[in-house]
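To begin, one chain is listed below as structure tokens, in the form predicted alone.
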């Protein structure tokens, strides 16, 4: 082994590498258990779901080892190129035959690739390069515009497929931009927007009606009136209690928030009735506890909850799950979106807590790695990786336990899917490679 390779191994972050390896191994064991019907040596490679998963893991380890041999500057200098290639694939895939109603995959017999999984990786690199280039200042409007375009363009292409779950993942990059100097007002506006949307959808889904005297008003209209009165009251406070030199700026922000809030509140009716399908409307009603549909749109959620609950404190034991195993077909998609059910049933509450602790520890470690960098490129990339993994982790588990609508977000290192396994693995290996140069790279 050469001195250069020894230097890489010496400086590589061992805790993150170990945690990634543990998550991958545990994820594979859970995947194997979810499709277990008895041991068959012929199924180990490619024939079965767990055979394909193992093949993708081996490919990821091989490519990860290759990445560790690359120079960090090469990874940075090719960031725009790799982003452009995957963006082109996102355009081409729109012309492929739809699979389950979405044009998201390139299929070659039993082999498939999903470009939307890789755009998260290449976008992270491109965004890090844009914001770390010499002379680039995020406070400049031009740089902000470029950053938002890098994020919005692939998000729009994915929305056309359509794949709303993956599209929502791109919202996590707002936290990266906030770390790099984006005004906190954007986060407040985003939180305010989500809050209005959630309340509006709840009022619409529940068919709420309010009475003013003898006049009945729908819940959304009444909510819009409350918002308008609140905005008017805020304007009066600013007008008479804020110093003149700050007044104009705050009124401008209030107008933006008011227009945005009232537009969302008013548009909920149209979106709910015309854009959402009956299945989506039913899922929102189930999520808010308005309706039960155990044999229809709510089937997946109720089956998943029963599997999670059956694990109790310590679980049924490895390979002893019944509700989340492919043999009995109790939980649909038990090895993709709902694979957490397998872990919860077989390992129980305490096993799930250990898994969550391991996952959160890896996220904290990634943030620690990002913060210790002298290279701005590596720091930004590290925050991108942590934001992506956290969003997937949070939404997937919330989906399984009924706190979020089912939107098709895989659990990193666990859910079936070669593209996701490869993409998440390469994210970690690239970060490990860039971090190994932290003592010699200044930008």
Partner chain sequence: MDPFKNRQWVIILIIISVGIIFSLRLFYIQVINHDWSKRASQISSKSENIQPPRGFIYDRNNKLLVGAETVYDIYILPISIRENDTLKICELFNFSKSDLYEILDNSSNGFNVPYKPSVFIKSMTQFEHAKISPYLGQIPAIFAKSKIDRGYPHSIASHLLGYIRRIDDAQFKKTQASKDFFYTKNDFIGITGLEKQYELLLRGKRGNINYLKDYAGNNLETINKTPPEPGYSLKTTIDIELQVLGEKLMSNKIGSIVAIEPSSGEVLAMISAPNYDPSLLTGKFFSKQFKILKQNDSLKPLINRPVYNDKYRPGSIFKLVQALIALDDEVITPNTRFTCNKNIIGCHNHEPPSNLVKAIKNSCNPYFFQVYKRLIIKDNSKNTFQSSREGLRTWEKNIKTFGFGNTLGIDLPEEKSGFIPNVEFYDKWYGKKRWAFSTIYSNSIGEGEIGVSPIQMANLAAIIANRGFYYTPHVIKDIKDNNILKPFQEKHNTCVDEKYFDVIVSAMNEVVNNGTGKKAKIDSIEVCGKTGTVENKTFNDHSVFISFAPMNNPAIAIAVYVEYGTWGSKWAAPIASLMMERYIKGSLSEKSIKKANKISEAVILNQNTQF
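Just so you know, these numbers come straight off a predicted model, no measurement behind them. Numbering follows the first chain given and starts at 1.
As for the form predicted in complex with its partner chain, it is not shown, yet the points below apply to it.
Contact with its partner chain in the predicted bound form, defined as any heavy atom within 4.5 Å, is confined among 103-111, 129-137, 264-272, 177-185 to 177-185.
Proximity to its partner chain in the predicted bound form, defined as a heavy atom within 4.5 Å, holds among 162, 309, 230, 190 only for 309.
Site annotation in the predicted bound form: the residue of 239, 142, 329, 248 reaching within 4.5 Å of its partner chain with a heavy atom is 329. Interface residue remark: residue 371 is counted as part of the site for its partner chain in the predicted bound form, having a heavy atom within 4.5 Å.
Of the heavy atoms in residue 282, none are within 4.5 Å of its partner chain in the predicted bound form. Looking at residue 340, you'd find a heavy atom of it within 4.5 angstroms of its partner chain in the predicted bound form. Remark: residue 72 does not count among the residues lining its partner chain in the predicted bound form, judged by a heavy atom distance of 4.5 Å or less.
Taken together, the three residues 94, 147 and 171 all stay farther than 4.5 Å from its partner chain in the predicted bound form, as judged by their closest heavy atom. Taking its partner chain as positioned in the predicted bound form, the residues of 333-365 that bring a heavy atom within 4.5 Å of it are, in sequence order, 340, 344, 348, 349, 352, 353, 356, 360, 363, 364.
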